[in-house]
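This document starts with one chain, in the form predicted alone, laid out as structure tokens.
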């Protein structure tokens, strides 16, 4: 079952990737803003429509949670039917500015746990996939996370929210403490790919608060590649840990506790 779901999700991601590449190449993009701050393009909407409609055609009884069409998180922990969590373009700002750090993210969830994950970077032709308890792959080749154990040599990624101004003191406190102790920081613009890069060793660690569609697929890929996944602040009760997207920390195993300690030291209530 998982293999057939993976094949279906991979095909979906490839076709959605072709769609967004074509729209950017053809210079047919239109831009708008959600809540006056969050960029969205017509390619986001088109890819979202394509993915949702295709899932409904093949799996009419499944539920779908998508950033662009159904961002209601209130009852996610109570959904019993199989659930698809979709981000049609993770890294929309990168996409609109013709950067390559862009991904389609598709997670297949059963009873609060991601079973199958796909993160596709169409401009880099990189397909990250995972099946629970079966492993993680990049373009069908097995991947493993970094074995880095020295914080001073670690390359750490993070990001910042659209509504960052009110949170800036906290964000800067985290950043300063991490940067003082690690080798360097990267801010690449796609949480899904940041996490996948931890999974395959291009990065040693990642921390951030995001939305569930940004990280649902990638966190399984990272865990199946041997990375340590968790949260540096407590997860609310009655929320599945895998589906809580705030205060994420995903690292090479030996770096998890040292980085968690640094983030806790820098936390401002």
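Numbering follows the first chain given and starts at 1. Fair warning: this is a prediction, and the values are worked out from it, not measured in the lab.
There is also a form predicted in complex with D-MYO-inositol-1-phosphate; it is not shown, and the following applies to it.
For the options 115, 121, 146, 92, the one in contact with D-MYO-inositol-1-phosphate in the predicted bound form, meaning a heavy atom within 4.5 Å, is 92. Residues with any non-hydrogen atom within 4.5 angstroms of D-MYO-inositol-1-phosphate in the predicted bound form fall in just one of 104-112, 171-179, 129-137, 153-161: 153-161.
Taking the partner from the other structure, D-MYO-inositol-1-phosphate in the predicted bound form has no heavy atom within 4.5 Å of any heavy atom of residue 204. Of the heavy atoms in residue 49, none are within 4.5 Å of D-MYO-inositol-1-phosphate in the predicted bound form. Using a 4.5 angstroms threshold between heavy atoms, residue 210 counts as touching D-MYO-inositol-1-phosphate in the predicted bound form. Under a 4.5 angstroms non-hydrogen atom cutoff, D-MYO-inositol-1-phosphate in the predicted bound form has residue 191 among its neighbouring residues. If you take 214-249 and check each residue for a heavy atom within 4.5 Å of D-MYO-inositol-1-phosphate in the predicted bound form, you get just 214.
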